[in-house]
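Below you will find one chain, with nothing else, as structure tokens; this is the form predicted alone, and questions on how it binds or moves follow later.
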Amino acid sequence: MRKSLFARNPSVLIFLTCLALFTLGVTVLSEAFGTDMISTSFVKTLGKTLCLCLIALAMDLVWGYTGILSLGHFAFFGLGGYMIGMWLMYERTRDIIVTSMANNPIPPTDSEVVAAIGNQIFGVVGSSDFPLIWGFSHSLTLQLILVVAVPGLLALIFGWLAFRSRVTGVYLSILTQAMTLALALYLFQNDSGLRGNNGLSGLQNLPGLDDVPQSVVSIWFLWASALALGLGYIFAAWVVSGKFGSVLRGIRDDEARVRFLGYSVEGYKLFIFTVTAIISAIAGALYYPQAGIINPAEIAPIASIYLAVWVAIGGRGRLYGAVIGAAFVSLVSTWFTGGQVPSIPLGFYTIDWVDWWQVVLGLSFVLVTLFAPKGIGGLFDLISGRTSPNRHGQDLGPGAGSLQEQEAES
């Protein structure tokens, strides 16, 4: 009899319990519930951190389990933010325009309202006409569909072209980075239709909810982010725990052997690449309303490199490791760059952590890669007594490197 997902992966239930307790604790201690022990700004930081954990989970699926070092997943994250950001900015601007025109002697027509909205949004780039890509910005339902469809379609096309050509290794990483850079450079242009370097702003203001304080809105987004992370973790655990997960590990460890056994390697890689792109876009759609603004700098290749660093520090090939790595680095980064860590005067030079934090992060990545390849997640292996299968000089499968059941349970 086949065991349930939770029986095969006890860590899933542990993770969901910890996530639920964390969300409940933050909710009770927030300003929205009157305790004021956690500020609204920090609640937003925690909500954004949960979104970063979700994209780290996607990165672990595509890199830690499948072996595809993608340096472009933050592009999908940003696209998800842009898709929901268009609706938020359109509706918010529309509310302002309608309110300001309410006292006009002659009520404005729909075309006049739309023209005023266009002038308000695109006046900063010297235009007043809505680009074609804003055609569905008036509809929340359609924009939510685009949150999934646009990044998913981009990943599908890019992955199909790359995988059918059997581009692998560092060459594939360079291609994904080039895709991200090309997208960022395009979005920096004023005629891209997304306000160029100005990006989309005011996203923290939910249309029609002016009377709801930000303290309550931040809790709503925290709940949504926690729910998305929980569902994402269950889905990721389901993917990697069965036969599909074993094939993914096989592709990671020996792609040629898996192809020789008759599996469609390109199909598996394309599926996981596209699915993780959609997960990343959902994370972005929840992140940027909490951040309040999105611009092309958020999609720069360096962001995807940071993502790989988070997963490596947390421990790739472990779902909880990816989450821990993203949460740890994100919160520590907020602490260092927020000016809360005192500078260190050396007499001839003063170490300002706002400037030196990236150096610390880079050194951490190097040290983890050299001396602790299992990352922070490896500490949980030591605590739980979990070790790699002891071969005793014998292979556990048809070829060296195969762990079969033992690896499938890991």
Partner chain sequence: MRHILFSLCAAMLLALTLPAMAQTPSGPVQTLLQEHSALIEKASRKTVQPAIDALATSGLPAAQTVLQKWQSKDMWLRKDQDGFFWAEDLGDKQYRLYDFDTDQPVGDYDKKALKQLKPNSGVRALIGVALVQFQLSDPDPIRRQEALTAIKRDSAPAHLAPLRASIEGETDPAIKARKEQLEVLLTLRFDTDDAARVAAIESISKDISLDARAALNSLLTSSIKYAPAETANIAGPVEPGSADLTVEAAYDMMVAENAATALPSAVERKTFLSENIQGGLVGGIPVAQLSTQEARDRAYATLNPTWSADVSKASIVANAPFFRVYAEPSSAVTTAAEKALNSINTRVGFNQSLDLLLDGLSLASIFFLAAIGLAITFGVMGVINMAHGEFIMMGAYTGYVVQQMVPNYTVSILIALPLAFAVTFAAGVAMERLVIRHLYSRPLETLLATFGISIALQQIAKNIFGTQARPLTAPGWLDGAWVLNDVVSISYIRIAIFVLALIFLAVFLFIMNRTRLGLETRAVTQNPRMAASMGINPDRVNMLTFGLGSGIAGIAGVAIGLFAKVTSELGSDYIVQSFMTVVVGGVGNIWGTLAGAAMIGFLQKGIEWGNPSNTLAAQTYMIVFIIIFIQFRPRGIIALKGRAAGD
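Positions refer to the first chain, counted from 1. All of these numbers come straight from a predicted model, not from anything done at the bench. Each form is matched to the other, and the largest set of C-alpha atoms that superpose within 1.5 Å is called the rigid core.
We do not show the form predicted together with its partner chain, though everything after this point is about it.
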Note which of V167, L142, A297, L231 lies within 4.5 Å of its partner chain in the predicted complex, where distance is taken over heavy atoms; exactly one does. V167
From D191, D129, D210, D95: within 4.5 Å of its partner chain in the predicted complex by heavy atoms is D191
Using 4.5 Å between non-hydrogen atoms, is L346 touching its partner chain in the predicted complex? no
Is F42 near its partner chain? Define near as a heavy atom within 4.5 Å, in the predicted complex. no
Flag R316 as yes or no: does it have a non-hydrogen atom within 4.5 angstroms of any non-hydrogen atom of its partner chain in the predicted complex? yes
Using heavy atoms and a 4.5 Å limit, would one call L181 a contact residue for its partner chain in the predicted complex? yes
The stretch from 321-329, 279-287, 78-86, 107-115 that lies within 4.5 Å of its partner chain in the predicted complex, judged by heavy atoms, is 107-115
Would you give me the residues of 210-229 that have any heavy atom within 4.5 Å of its partner chain in the predicted complex, in order from first to last? none
Core superposition between the shown form and the other one, C-alpha change of Y349 at least 2 Å: yes
